[in-house]
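Next up: a single chain in structure tokens, the form predicted on its own.
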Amino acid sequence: MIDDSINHEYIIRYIRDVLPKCEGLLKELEEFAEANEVPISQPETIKLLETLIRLSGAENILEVGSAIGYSAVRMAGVRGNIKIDTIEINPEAAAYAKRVFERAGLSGRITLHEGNAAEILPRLRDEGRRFDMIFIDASKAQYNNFFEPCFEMLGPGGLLISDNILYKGMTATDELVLHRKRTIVKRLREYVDMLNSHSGIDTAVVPIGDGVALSVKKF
């Protein structure tokens, strides 16, 4: 697993030690991600997602950034009535995720849209789709472009969860910013500022995993 957690190592170790360990297909996906340097959400971030789904009662979920399908399987596993639309731009990752959904017996509850989220999101919005929760975990430089259609598809009280928002700590301080990452960091800072100033949502930035922005659409 690619470890981008921003917390102290002893805190990460403690949190992960007390979390239940995955078995079967999920464990296989974790091992595949680690061996092949495939970015999947950190264990503590996934547990936060599962907890938020239980708290909110979310049934219709949109995920922007499927990767190999790990987080979609975890979210769908919270309850049997959950339906997920997930978007993936990488053809190889999308094909792998489809096989994962079939193996998990979730093809009937998880719909994968292959292509560019910047094009797919407006289409879903124009189709009148509505979601209780949206999880953004794709190209960090595109978060600002993803926001508007996602916001419009959220119902009142809906959750918008943006992962990797602190980006290895670089969003918080120039001291950590790598030269090649300056554009991404600049856009993430703009995104965080926008979330915190937007009149239609309340946002909390949570320093868990690689940083999570948790936004609730106002009624």
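Heads up: residue numbers just count along the shown sequence, starting at 1. This one's a predicted model, so the numbers in the text were calculated from it and none came from an experiment.
Note that the form predicted together with a small molecule isn't included here; everything after this is about it.
Colleague: Honest question, do N60, F147 and F151 all end up within 4.5 Å of the small molecule in the predicted bound form by heavy atom distance?
Modeller: No.
Colleague: Out of 52 to 60, 39 to 47, 170 to 178, 187 to 195, where are the residues with a heavy atom within 4.5 Å of the small molecule in the predicted bound form?
Modeller: It is the stretch 39 to 47.
Colleague: With the cut-off set at 4.5 Å between non-hydrogen atoms, does A67 touch the small molecule in the predicted bound form?
Modeller: Output for A67 is yes: heavy atoms within 4.5 Å of the small molecule.
Colleague: V100: heavy atom within 4.5 Å of the small molecule in the predicted bound form?
Modeller: No, V100 sits far enough from the small molecule in the predicted bound form that none of its heavy atoms falls within 4.5 Å.
Colleague: Within a 4.5 Å heavy atom cut-off, is I89 in contact with the small molecule in the predicted bound form?
Modeller: Result yes; I89 sits at the interface with the small molecule in the predicted bound form.
Colleague: I'd like to know whether N116 contacts the small molecule in the predicted bound form, with contact meaning heavy atoms within 4.5 angstroms.
Modeller: Answer yes; at least one heavy atom of N116 falls within 4.5 Å of the small molecule in the predicted bound form.
Colleague: Answer with one of A138, L112, I82, L106: the residue that has a non-hydrogen atom within 4.5 Å of the small molecule in the predicted bound form.
Modeller: None of the other options qualify; the answer is A138.
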